[in-house]
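One chain comes next, on its own, written as structure tokens: the form predicted alone.
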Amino acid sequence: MTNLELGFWSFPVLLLMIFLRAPIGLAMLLCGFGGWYFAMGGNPTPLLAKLKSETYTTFSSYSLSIIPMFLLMGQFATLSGMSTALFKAAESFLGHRRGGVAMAAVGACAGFGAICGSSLATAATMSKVALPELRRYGYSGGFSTATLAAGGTLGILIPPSVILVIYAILTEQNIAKLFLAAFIPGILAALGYIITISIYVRLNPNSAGTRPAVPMGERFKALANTWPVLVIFVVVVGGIYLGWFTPTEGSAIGAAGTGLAALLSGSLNWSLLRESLLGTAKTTGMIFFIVLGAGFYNGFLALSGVPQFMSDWVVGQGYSPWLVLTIILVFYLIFGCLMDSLSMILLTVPIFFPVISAMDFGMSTEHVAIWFGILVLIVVEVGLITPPVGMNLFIINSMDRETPMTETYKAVMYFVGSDIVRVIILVMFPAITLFLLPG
């Protein structure tokens, strides 16, 4: 069997292992091990040398140190009560409108996503704050859980985003430019969800209750309580963009800023500090193990020649670049329902990125790479809320056992429709994504 055939056979083996509930990092590591072993003719020496070098080069990467810092930033943000302040501020301005409390939850998710690069963390944190209020004002269970599941996806789209950092490392792109490119699509996502809520409550009048308007003075007082979020976001993202510090330095500054905010709020003590550090360490360990497994497996795929073969084959067929892009995005949309976003990015980008890079979309190679990264991030994000296996749906539903999953499924399809419309718009008009980029 040739190396190319080994590479292609590794895909069904990997999918079978995932189907059998093997951890995705372990599945990729074992497939990479097996592939390297057979490609080297059964000689274990190169395999062991590869294991040593791959582990060192992966974990000694300076760029990867940004991940635990952003994770710690999210942990501190949760402890400091920023999620509650964001929701109360949004609710004071929007709560009295039709579907306003749900709109406030989406707005708070967007704000929290600006200081937390995790979708699942955003969904889980905001649910603790918003679910009781949604229940209090008569919002139906399915509508409430679907809103929070969709809002949670803003955590990985609005910068800073851990997934964008991984994509930047894989494709050797500028992290600051990717963060900047994600900003307008992130705002569009939040606006799209708010419009979706407005449509939903008009089609289903009994799904949402009303609450009295808040006096203007109280609104501005609630808004003033969100100042730590605004300051941290402006300092971190603005500082990275203006070149005051690197993205890695910015992540450390963000973690320190949210830690200070948690301390000043009186919510941070030694016990919670220990809990935050342990939570960050556990999540970092999980992510790094997946990164190692993906690095080993993708190294085997490069040795087998599968990415280059796929790129040459697609280009040789003469297919339209837009058709190829559409097929790839549909693939992400389908498989995003079955795998978590990080695993999808690590597994597929090394295969699909060379294909897209070889296509002519009428813009520079860098702009194509950034535009494709944002599109991939969005469709993977849609997979988080697409039945039957959307991860965010299960996270939210576990926090509201009274609501049947089928009710969440019905309501969330409105948000999935909003996401698909947004993807189509960003595919048709790349300038929306690239608008803020210099040059």
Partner chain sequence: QDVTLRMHQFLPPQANVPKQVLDVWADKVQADSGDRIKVERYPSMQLGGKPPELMDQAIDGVADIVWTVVGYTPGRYPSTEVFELPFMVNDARAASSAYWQMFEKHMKDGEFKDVHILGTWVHGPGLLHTNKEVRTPADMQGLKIRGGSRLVNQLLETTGATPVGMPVPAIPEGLSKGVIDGTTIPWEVTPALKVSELVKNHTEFTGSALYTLTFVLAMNKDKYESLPDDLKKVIDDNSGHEFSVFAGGTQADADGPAREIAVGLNNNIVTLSDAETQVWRDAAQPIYASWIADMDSKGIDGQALIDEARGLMDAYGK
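Numbering follows the first chain given and starts at 1. Keep in mind it's a predicted model, so treat the numbers as computed, not measured. The term rigid core refers to the most C-alpha atoms you can superpose between the two forms while keeping them within 1.5 Å.
One more form of this protein exists, namely the form predicted in complex with its partner chain; it is left out here, but the text below deals with it.
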| property | result |
| --- | --- |
| All of Glu54, Glu172 and Tyr241 with a heavy atom within 4.5 Å of its partner chain in the predicted bound form | yes |
| In the predicted bound form, the one of Ala176, Leu333, Ile194, Met359 near its partner chain [non-hydrogen atom within 4.5 angstroms] | Ala176 |
| Heavy atom within 4.5 Å of its partner chain in the predicted bound form - the one residue of Pro185, Pro228, Gly299, Gly81 that qualifies | Gly299 |
| Partner-facing stretch of 94-102, 242-250, 313-321, 142-150, counted where any non-hydrogen atom is within 4.5 angstroms of its partner chain in the predicted bound form | 242-250 |
| 4.5 Å heavy atom contact, Leu303 and its partner chain in the predicted bound form | yes |
| Touches its partner chain in the predicted bound form: Ser60 (any heavy atom, 4.5 Å) | yes |
| Contact flag, Phe372 vs its partner chain in the predicted bound form, heavy atom cut 4.5 Å | no |
| Contact of Pro404 with its partner chain in the predicted bound form (heavy atom, 4.5 Å) | no |
| Shift of Ser61 between this form and the one not shown at or above 2 Å (CA, core fit) | yes |
